[in-house]
Structures are given as C-alpha cells and as structure tokens.
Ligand code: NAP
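A lone chain, given as structure tokens: the form predicted alone.
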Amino acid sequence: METRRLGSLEVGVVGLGCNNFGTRCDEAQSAKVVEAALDAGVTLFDTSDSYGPGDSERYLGKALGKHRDEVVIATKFGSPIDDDETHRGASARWVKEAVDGSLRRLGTDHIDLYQQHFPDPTVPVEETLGALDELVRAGKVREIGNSNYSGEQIDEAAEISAKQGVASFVSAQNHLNLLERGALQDVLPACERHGLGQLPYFPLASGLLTGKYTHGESPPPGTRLAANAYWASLLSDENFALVERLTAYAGSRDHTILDLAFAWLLAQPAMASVIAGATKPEQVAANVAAAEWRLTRDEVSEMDELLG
C-alpha cells in the first residue's frame, strides 16, 4: 500500500476507523476486522476514548497484540466518556488524565497520534497545546492532531505553536466525502499552509457511497442511516441523484462508486489517509482495493465539473 507522511509518522493511504468497536461490533467481531486490516496492509488504526465508550480502545489494543509496534495508533480525547462533566474537554488537567486512561485501555506505553476530538471554546488553545507538548516531551505521545477544527482554528493553533515553541498539530480530521465537501473551502488550504495531513472521516457517507441504500426504500435495520433523523437526512433526493451520476461516472471507467469515493479523496491536496470504518472483514478488503485507483488530472477536472 502507498504510504504518506504525518509529521514523523508514515501511514498507509487507507486506515481503519474503529468507531464501530464497542457499539456495532463486539470484541470478537472487532478482532476479526483488525485481523483483516493487518492482513490487507493497513497500518493506521483510528479510535477515541469516547467510542464504546472506552471499549473501542480496549478491543483495538487486545486485537493488535504483538503487532502493536508495526502500526500507528491514533486516538482522541475531549468528547464525553461518561456522565461526569469533568471527563471531557481540552483543559490541561483533562488532557493529562485522559491520556493515561487511553494508554491503559490500549495496553501500550505510547500513542502515535493523539488528537483533540473537538474544539473547546472554554479553554484557550495555548493551554491545550502546552499540555500536549508535555505529553510529547514525556514520550507518552509521538505526534498531535486536531479534529473538527476550522481552517481559521488550524491557522491560530499553528501560529501559537510557532510562537511558543511547543508541539504543533501534524494532522486534521474532518467530515469530508463526495457528498460533504465543505472542508475543501477552508480546512484543506489551511492544512497545505501548515503542512498538516488530512484524515477525512465518514469517507463513504456511512454507506451511501457504497450502493448500500436504494432510493425510495427505508434503510436496512441496523445500518447507521437507520439510526436517527440526522443520518436519515442523508437519504435525500438530491444526494441520491448525485450518487447516480457518480455511479455512472465510475462505471464508465470500469470502477465502482466505492472506488471513486477513495480515489477522489486521495486526489485532494494534503490528504494523508482515508480512515474508513468497517464492521466486517470483507469491507476492509474492499476499501483497501478501492484505493488502488488513481485519478488523472483530466479525471480530477471532470469530477470538479460533475460535483459543481
């Protein structure tokens, strides 16, 4: 698998999102998915202390076992993990406490990429970056990243890191796919300015870009888009019309819309790795195979026109 850089880290262009572990996947199924990812050459495993909550990290750590040093583990802090209001956010106190919890659950002595899950408007970025810098200096964390930051927030954090001489973000994780392209406007340009690698989440629009859903039919029980009104809102006439055009475009080149979803993302600037979730081993294999398509410059231009 092709690899790209995230600071001092080297990651494959397809990573495994572990948000299903502890929710849609029990420990045994999670282990099967991890095994399939390792077999397929996946080296980046992305999780969070809030997935499960906590179980995703536990399941991932156990499943990796002896392979721990062969992979890059990325996890996150900041989202609520229980009903305790102090167990969330980006304060220096919680950063220091949260990392120890993640290290314990993952069964490792260091985290390769430690990411702030969401911006915290109640805490100065200087405080968060200072606390993360201490973790890097202590060897608990190798690199740091952000998630759900705007381009302006990425700019601000980069300026603070430079001025204070503390660790800087090497990655940004944002909602980005063929149907949700807002990050192209401000986030990716900011990543380019400051040398951050982008790690798009929900790259397959929770299955809408895989052909899992049919226009006019209710989403299958147990799927993400059947979970609540927000996810179901993706099943709009407009989205299905675009999916139909994208499917036809991919088909005209002997590819699937799944292939196109990966190829388009990997053609974007600052793209490091596409972290797609999976609940079954065969989904992992399909995702890795999909990333083999590389769009030409002409195809990128054609896609720009198609997407408008």
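For every residue, the number given is its place in the sequence shown, counted from 1. Just so we're clear, the structure is a prediction, and the values are computed from it rather than from any experiment.
There is another form of the same protein, the form predicted together with this ligand; it is not shown, and what comes next is about it.
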104 to 112, 83 to 91, 181 to 189, 202 to 210: which one contacts this ligand in the predicted bound form at 4.5 Å, heavy atom to heavy atom?
-> 202 to 210
Looking at the partner-bound form in the predicted bound form, is Ser147 within 4.5 Å of this ligand by any heavy atom?
-> yes
Please check if Gly52 has a heavy atom lying within 4.5 Å of any heavy atom of this ligand in the predicted bound form.
-> no
So in the predicted bound form, does Leu60 come within 4.5 Å of this ligand, heavy atom to heavy atom?
-> no
Spell out, yes or no, whether the shortest heavy atom distance between Gln283 and this ligand in the predicted bound form is within 4.5 Å.
-> yes
This ligand isn't shown here, but in the predicted bound form which of Leu44, Ala272, Ala276, Val34 has a heavy atom within 4.5 Å of it?
-> Ala276
Sequence order please: the residues of 14 to 28 with a heavy atom within 4.5 Å of this ligand in the predicted bound form.
-> Gly17, Cys18, Asn19, Asn20, Arg24
